[in-house]
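Given as structure tokens, the chain that follows is alone and in the form predicted on its own.
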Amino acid sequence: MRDEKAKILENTLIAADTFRMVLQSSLCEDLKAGQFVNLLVPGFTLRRPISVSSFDKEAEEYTLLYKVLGEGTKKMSEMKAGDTVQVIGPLGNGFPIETAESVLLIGGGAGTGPLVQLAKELKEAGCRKIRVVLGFPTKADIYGVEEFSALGIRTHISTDDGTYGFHGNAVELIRAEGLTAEMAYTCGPKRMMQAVEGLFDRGYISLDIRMACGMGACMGCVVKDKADPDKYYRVCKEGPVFRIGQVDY
């Protein structure tokens, strides 16, 4: 873990209230798919935890895809290329890359971001069949499709209002199209991931949960083990990635 200044190379609006921020700093050397960083936004005491979408270790560049949800992320969206921001990371545990013939990546809204680097690493590991299902409220919210297309990965899109792709949510799309795979990776709204856990026995979830310190000290992001009610995990430290069926959230 490092605490250092990162240079902003890009901070661009890519969908409704959704931005791509590209940072450059040496902490990129230690990043793994599924980890996150904590950004110190000027004027705010608590840092903003943002999942890393993808990275290029040779160039020391990493990309964050984030949605403006409050005053902190609104301030982030106003930062410009050439500015610097204080960043702590990498934080948390990333996605285990397991061998499988077929994998389904399922993202809901802001949960799309962490799946991009994961898709790259699964391809590099020799996974032959990777498909992506992304769910959004409406057409204006859609992003990430180009990143997966560049990897040669087919992406299935659903929108709650039917303005693009399948009319319904991501899990309804999976059922309607009969999509199957040996394992699944998912990140997104709580109800979506719980539904995914009902469809797949093997795979991983990435919890998007409110954090305070982001480093395991404050105990503000605790979830229970499903099998042992006396066992707890800090999402920012032991997570945010957990096995399907491991935690109660």
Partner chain sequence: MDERLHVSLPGLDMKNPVMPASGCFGFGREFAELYDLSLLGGVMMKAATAAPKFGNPTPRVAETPGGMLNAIGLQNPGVDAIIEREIPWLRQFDTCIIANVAGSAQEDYVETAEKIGRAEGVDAIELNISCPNVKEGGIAFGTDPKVASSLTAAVKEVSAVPVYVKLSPNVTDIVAIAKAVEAAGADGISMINTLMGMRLDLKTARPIIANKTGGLSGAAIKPVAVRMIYQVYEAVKIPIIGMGGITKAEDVLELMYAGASAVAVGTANFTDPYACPKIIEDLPKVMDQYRIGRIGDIVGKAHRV
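Numbering follows the first chain given and starts at 1. All values reported here derive from a predicted model rather than from experimental measurement.
FYI, the form predicted in complex with the partner chain isn't displayed, but the following is about it.
The partner is absent here; in the predicted complex, the one residue of 179, 88, 110, 100 having a heavy atom within 4.5 Å of the partner chain is 88. Note on the partner interface in the predicted complex: the residue among 40, 192, 207, 199 having a heavy atom within 4.5 angstroms of the partner chain is 40.
If you check the partner chain in the predicted complex, you find no heavy atom from any of 142, 166 and 173 within 4.5 Å. Of the candidate stretches 181 to 189, 28 to 36, 199 to 207, 42 to 50, only 42 to 50 contains residues with a heavy atom within 4.5 Å of the partner chain in the predicted complex. In the predicted complex, residue 219 approaches the partner chain with a heavy atom inside 4.5 Å.
For residue 65, no non-hydrogen atom is located within 4.5 Å of the partner chain in the predicted complex, even though that partner is not displayed. Using a 4.5 Å cutoff between non-hydrogen atoms, residue 59 does not count as a contact of the partner chain in the predicted complex.
Proximity of residue 20 to the partner chain in the predicted complex: non-hydrogen atoms within 4.5 Å are absent; the residue sits far from the partner.
Taking the partner chain as it sits in the predicted complex, the stretch 225 to 249 comes within 4.5 angstroms of it through a non-hydrogen atom at 232, 234, 237.
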